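Shown here is one chain on its own, the form predicted on its own, set out as structure tokens.
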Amino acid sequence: MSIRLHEAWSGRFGAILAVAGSAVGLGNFIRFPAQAAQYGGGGFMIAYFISFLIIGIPLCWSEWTLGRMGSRYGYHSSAGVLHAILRSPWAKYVGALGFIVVTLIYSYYVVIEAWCLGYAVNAIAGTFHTGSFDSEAFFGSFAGLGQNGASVGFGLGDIGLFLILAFALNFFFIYRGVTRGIEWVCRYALPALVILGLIILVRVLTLGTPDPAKPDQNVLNGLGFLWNPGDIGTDLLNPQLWLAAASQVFFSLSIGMGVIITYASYLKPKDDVVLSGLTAAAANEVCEVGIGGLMTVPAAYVFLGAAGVVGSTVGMGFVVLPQVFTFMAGGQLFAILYFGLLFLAAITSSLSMLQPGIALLEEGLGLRRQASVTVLGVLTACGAGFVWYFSQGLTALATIDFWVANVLIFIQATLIVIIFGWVIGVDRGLAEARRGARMQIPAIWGPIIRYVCPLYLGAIFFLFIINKVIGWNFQFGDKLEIERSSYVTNLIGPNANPVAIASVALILALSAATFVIVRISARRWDKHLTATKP
């Protein structure tokens, strides 16, 4: 019985493009600048780069290596890959988290992608330069923040039509497969968004001091706001800063999701995973730090000052920046370029979230491409429709994002690095990574992957539970404050929110269904593995 899916990248460059496309997304151009601004710039950047080195690079190499190992058995889903490599009853359930995480994230990510598409079209129509434009009011109406179901419309100022278009585009390309779909999109979208980003960056860096009456609001001070360290001692003792930095690395590099394992499984047995992983990570950092941060924070600072820069992630992209473009000379053109860039970044990432699900349905249940795309389309349409309809205060979106993009990703990432470093064994894992590599992984990374990375992840997750779930908000040296997170109080107690409860129920329902699918799939995989030698 054959399990192998007859798909592969056109070459190593195609794989690098695809993984870079998965990593380069909305996190680079919205989430990263907003997080950096919120946590004081310089201190956050230190924590961010430490997290990138300690967990980002090791996890990239671990997932690239595991994916290529799984390809020798003909498997492409995280569940199938781990089941084949470890031959343990529990391994497939660790891999199942890859399907759960990306499917749920896609369900709200495609809604944000539709915002980007809608804003790009509205920028072309001149909406942001009509009279006294109120960006906050426009976003509230467009996303339906006032009441549930308010955004269910199909006009230029409603998300409905754009969500359908974004959803249809994603499934059109995912149906075309790995090479003709995902790789084709990344081959053109990545260079295009980099060019758009550089054009906007040049414009931002040449803004100077637009308002002579506010000499402090200039580009240099805007750059300083992002990079200059404040009270480093105090900043780095803030647990929430480390939580934010680590979460940004996860979200930005697409690690802990199972995406890289799936993408790497389409490599040839001796394709270089060491240099490929570094190249994809470096491409992401260029877009995130070199373009996203440098163009977003200074632009907001120049026109709105420090108070206008600090805010929520959503607010940075869809409230602050549209307002900035109303002040900027040639603002309509740069609004078109910016939201066009966001849409291109979003679609390369959202496609990566669909392929792991397609792989599981095809190799686990034996479905053909059309059937697997249909099943996944129905599942994600239900999730996206749920987030779209329950839009009041973005409660559904925020709740799913909190429990999936924080809790489940941290759990899966920790389990993957433990599997690589302890179950497979770091010596065997690194030997596998070095096979076919043009650049060898230095020996120092062995103990980092085996000891430092799990301990660092465990410490960060412990702080997350203390701060966000239990509600002990503290900064070392300060008095302990007890304030339970709204994500917990929305689920229990007198102020429980029905939408938040329904959101968690959706997560649990998909998780239960996924474990059933993986359980059924394991019988098929066991028969295949019995008759197959890698």
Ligand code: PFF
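From 1 onward, residues are counted along the sequence shown. These numbers were taken from a predicted model, which means no experiment stands behind them.
Here the subject shifts to the form predicted in complex with this ligand, a form of this protein not shown in this document.
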**OP:** Can you check 385 to 393, 178 to 186, 346 to 354, 369 to 377 and let me know which stretch has heavy atoms within 4.5 Å of this ligand in the predicted bound form?
**Re:** 346 to 354
Original post:
S265 near this ligand in the predicted bound form, any heavy atom under 4.5 Å?
Top reply: no
Original post:
Does A23 reach this ligand in the predicted bound form, with heavy atoms at most 4.5 Å apart?
Top reply: yes
Subject >> 4.5 Å heavy atom contact, L457 and this ligand in the predicted bound form >> reply: no
**OP:** Give a yes/no on whether P33 approaches this ligand to within 4.5 Å in the predicted bound form, heavy atoms considered.
**Re:** no
Subject >> L361, I174, L163, V102 - the one with a heavy atom within 4.5 Å of this ligand in the predicted bound form >> reply: V102
Original post:
Since exactly one of V320, V259, A84, V297 fits, which has a heavy atom within 4.5 Å of this ligand in the predicted bound form?
Top reply: V259
